[in-house]
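A single chain, nothing else alongside it, follows as structure tokens in the form predicted on its own.
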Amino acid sequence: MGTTLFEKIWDKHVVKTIPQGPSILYIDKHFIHEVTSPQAFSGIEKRGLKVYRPKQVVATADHNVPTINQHLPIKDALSRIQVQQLKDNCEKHDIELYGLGHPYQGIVHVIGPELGITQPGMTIVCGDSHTSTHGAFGSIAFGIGTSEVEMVFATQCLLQTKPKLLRFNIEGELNKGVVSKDIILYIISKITAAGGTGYFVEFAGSVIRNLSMEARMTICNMSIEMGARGGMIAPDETTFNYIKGRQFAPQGEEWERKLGEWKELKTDEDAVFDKEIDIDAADIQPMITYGTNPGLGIAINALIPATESIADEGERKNLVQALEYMGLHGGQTLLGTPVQHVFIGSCTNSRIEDLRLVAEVIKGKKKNANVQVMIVPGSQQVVAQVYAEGLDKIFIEAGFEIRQAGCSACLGMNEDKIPAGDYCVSTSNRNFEGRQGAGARTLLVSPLTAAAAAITGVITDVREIL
């Protein structure tokens, strides 16, 4: 019997399997940021240890950083302390840091791929759940807790229980106005925010093979939002062409050697998954969430489910609570609902391809006067590309605000918060209560749908504009 992509990488990285217990898994690359690393550094120092393999650790500041005036001291005391601690810890332990002011600084899951650090066949971890993004390159990538960050610092290994395996086969042609964010929101809406619990997911099929690397990263990024441990896509020529020539990609003979290895990283035809789900691309429409978890999503032109149609009492109660928080009701259409904020950014949709999509929709148009729009590129390299390609002129002429790189309004840990009661159409990955600020109401969408809302001032089917 054949083996899956996941099994091929997992088996090569198992140092030891504990009988009736977890495996000791070797970790190739460890990304860190300012929020989940301070306690881990303190932990190893209290035990008299140093970081075991500092050259396999890469650090950046992203979660708490301001996205305006990054050259000035950080105003928020906690954020300032955490960013400074990261700098001090990296200096002490000889870890590469791309801090504020560095040309490589940015969201951790944006800079890894764009610098060529993320490569097929790797095991990759970070103290951040959306580490699953890196799985788009054919790697086993997942988020870990602070105690696990400490374990990797000390040993370059991690105790892990092998997950079950789930594959989505997505075939057919995508509808007009449908992009990768819609694909993953559709999947999560069908299997719920807990439907992938206990699984590591592989995304396959003609639709996936035809996607760009940036689109694939969006899908793997949100695999965690279905409860999965992570998501991955088999590497192919699209992957190899993306990596080649990047800053830390293999060069010369090493490139040819690695390429030969990477081409073997694919699921065998006779491999068996614990579960497989087939999806027809024709069924996917532009998507939007209406509730307080990413599984509560519908097609942009559909109606919010009526609460009385939910058979399970617990689910019905949760839906009632979510709709109450969102100021919505069952049976309602979201089309035409006024919005006050549009956020285009996050590790899900802040890459140059995402911003190009937005620019195509808004070129020659002005934003609605009642909407505040933030464009937050995912890295300093994306910022540079925005200006090099002249996208900045399109955004500024439309009345959009371009900010500096960081996690920004994806989460309420920095200055970019959404006011209570306001609606924010967001390209980020989570819509939990208070995620973007206390009382903020988040509607998750693709960059295309976000651009449409920015121009019209209301939730709009982007197909009316395209």
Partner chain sequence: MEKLTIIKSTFYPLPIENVDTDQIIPARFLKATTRDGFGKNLFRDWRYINNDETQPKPDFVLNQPQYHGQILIAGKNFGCGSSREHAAWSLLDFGFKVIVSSFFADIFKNNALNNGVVPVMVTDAFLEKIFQLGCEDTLTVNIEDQTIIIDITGEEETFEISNYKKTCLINGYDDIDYLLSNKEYIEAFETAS
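For clarity, every value in this text was computed on a predicted model and none was experimentally measured. Residue numbers count along the first chain shown, from 1.
Another form, the form predicted in complex with its partner chain, is not on view; read the next lines as being about it.
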Legend entry - Contact flag, Gln247 vs its partner chain in the predicted complex, heavy atom cut 4.5 Å: no
Inset, instruction - Tell me, yes or no, whether Lys317 is in contact with its partner chain in the predicted complex, where a contact means a heavy atom of each within 4.5 Å. - result: yes
Inset, instruction - Check whether Glu264 has any heavy atom within 4.5 Å of a heavy atom of its partner chain in the predicted complex, and answer yes or no. - result: no
Inset, instruction - Report whether the minimum heavy atom distance between Lys55 and its partner chain in the predicted complex is within 4.5 Å. - result: no
Legend entry - Site check Lys16, Pro22 and Gln85: each within 4.5 Å of its partner chain in the predicted complex by heavy atom: yes
Inset, instruction - Would you mind picking the one in Gln321, Asn175, Thr307, Gln385 that has a heavy atom within 4.5 Å of its partner chain in the predicted complex? - result: Gln321
Inset, instruction - Would you mind picking the one in Glu237, Asp278, Asp312, Glu256 that has a heavy atom within 4.5 Å of its partner chain in the predicted complex? - result: Asp312
Inset, instruction - Report the stretch among 94 to 102, 141 to 149, 113 to 121, 208 to 216 that approaches its partner chain in the predicted complex to within 4.5 Å, counting heavy atoms only. - result: 141 to 149
Legend entry - Neighbours of its partner chain in the predicted complex among 218 to 238 [non-hydrogen atom within 4.5 angstroms]: Ile224, Gly227, Arg229
